[in-house]
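Presented as C-alpha cells, the chain that follows is alone, the form predicted alone.
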C-alpha cells in the first residue's frame, strides 16, 4: 500500500511507511514516521488511554525485570498500563493490525525472526521523564525492535517531553542524538539493544503506546541487514 501526496503538493507518491521503516532499520537502525496513524485513529487511542488514566488503571513504572522490578523515581517517573492482545478494543486493533504487517515485513526483508509484540500505554505526568537507557535487558535478548507511538495533540517544542535518541550505537550517551517530539500519530522505531534513549521532562501530560517486537527467548539473535 502506498500513501499518495495531496493533490497540488508534489504529485509524487510518498514512501510506504513500512518500506521506510524496514529500509532505515537495515541501514542506520532507527526511523521516525509522522502520521503512521491518521489523526482520527490516533485520537481514538488517546481518548481511550486518558479514560483509563482517569479510572486509575495505570501503575507507576519500575526498572528491572520480573521479581527484581522496582520503582526508582530518579530513573523514570512515568505510569504504565500493559495491553492484553486477547482483549484489544477496536481502536487498539487498528494499530496492532498495522504492527502485525510491520512484523511480517521485518521478518521477510530483514530475517529478524520476530515472534510477538508486547506493549503498554505510558503516561508521563507534568515533569515526568525517563533517564537514558537501553530497552534490552542484560540477561535477556528477546526484545529486538522498539516501537513508540505518540498520542498527543497540538504538542509544541516548549512542552518538552521529547525523545532523545542517541544515534551512534557505539558512542552511546556520549555521542550525537536526535530529538523527536511526541506529536500525534508519530511512530519511532529502533533496534532495542543498540540505541540509548530517554525522555526529556514534559511540561504537560505526555501519552504514548510503547512496545517491543520480540524473538523467542531461547533463540539466538539474528543479524540485521
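What you are looking at is a predicted structure, and each value in this text was computed from that prediction instead of being measured. Numbering follows the first chain given and starts at 1.
Below, we turn to the form predicted together with a small molecule, even though it does not appear here.
For the residues 79, 120, 98, 137, the 4.5 Å heavy atom test against the small molecule in the predicted complex is passed only by 120. At a distance of at most 4.5 angstroms from the small molecule in the predicted complex, all three residues 124, 133 and 212 contribute at least one non-hydrogen atom.
The small molecule is not shown here, but in the predicted complex it comes within 4.5 Å of a heavy atom of residue 163. Residue contact check for residue 148: one or more of its heavy atoms lie within 4.5 Å of the small molecule in the predicted complex. Residue contact check for residue 199: one or more of its heavy atoms lie within 4.5 Å of the small molecule in the predicted complex. Remark: of stretches 87 to 95, 108 to 116, 124 to 132, 151 to 159, the one touching the small molecule in the predicted complex is 124 to 132 (heavy atom within 4.5 Å).
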